[in-house]
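Here's a solo chain for you in structure tokens, the form predicted alone.
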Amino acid sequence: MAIDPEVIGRVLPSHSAEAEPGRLRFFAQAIGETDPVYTDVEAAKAAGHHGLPVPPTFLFCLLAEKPDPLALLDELGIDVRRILHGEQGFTYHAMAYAGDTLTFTSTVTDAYSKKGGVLDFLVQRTDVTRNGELIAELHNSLVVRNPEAAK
């Protein structure tokens, strides 16, 4: 089933999440980050930060905390057993820090098919803001497998 291109431009409900220091430290350890700037407040301050900086890809973790992360897929009739992570990208405009409350607003930027409809792509951009200031743009695409389209 092809994704209806009418979804392009849809702005999804925003949500906010706090970058909690304990979670930032845990995430830094989990990804093997050894720079103490991400785990030690004094090291962060010595490096010129006012607190623990948010590790670059942690924003995607906070994005995944939206209240109903599968709502769009459900609405579009996409079976989550057929989705693959396509790609992910980040554009940073400012540093986020522990204690920041960040707001995530996602927009569907593209929907298209390849291989005669066997693969559909759903592309989103998420603006991450802190008190209205743009902190980062997250880009991601999902691939939806439609094996029945090959028949």
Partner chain sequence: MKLLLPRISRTDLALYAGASGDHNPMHIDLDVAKSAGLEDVFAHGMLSMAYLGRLLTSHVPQERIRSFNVRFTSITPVNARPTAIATVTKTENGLTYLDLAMTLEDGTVTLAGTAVIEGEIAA
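All figures in this text were calculated on a predicted structure; none of them were measured in a lab. Residue numbers count along the first chain shown, from 1.
Keep in mind that the form predicted together with the partner chain is missing from the display, and what follows is about it.
> Using the partner position in the model of the complex, report whether residue 51 sits within 4.5 Å of the partner chain, counting heavy atoms only.
It does not: once the partner chain is placed as it appears in the model of the complex, residue 51 has no heavy atom within 4.5 Å of it.
> Residue-level contact is defined here as any heavy atom of the residue lying within 4.5 Å of the partner chain in the model of the complex; does residue 130 satisfy this criterion?
No - in the model of the complex, heavy atoms of residue 130 and the partner chain never come within 4.5 Å of each other.
> Would residue 36 count as touching the partner chain in the model of the complex under a 4.5 Å heavy atom rule?
Residue 36 lies outside the contact set for the partner chain.
> Tell me, yes or no, whether residue 110 is in contact with the partner chain in the model of the complex, where a contact means a heavy atom of each within 4.5 Å.
The answer is no: residue 110 has no heavy atom within 4.5 Å of the partner chain.
> Would you mind picking the one in 123, 41, 119, 95 that has a heavy atom within 4.5 Å of the partner chain in the model of the complex?
Only one option qualifies, and that one is 95.
> Note that the partner chain is not shown here; using its position in the model of the complex, name the residues of 65-96 with a heavy atom within 4.5 Å of it, in sequence order.
Read in sequence order, the residues that approach the partner chain (within 4.5 Å, in the model of the complex) are 80, 81, 83, 84, 85, 86, 87, 88, 89, 90, 91, 92, 95.
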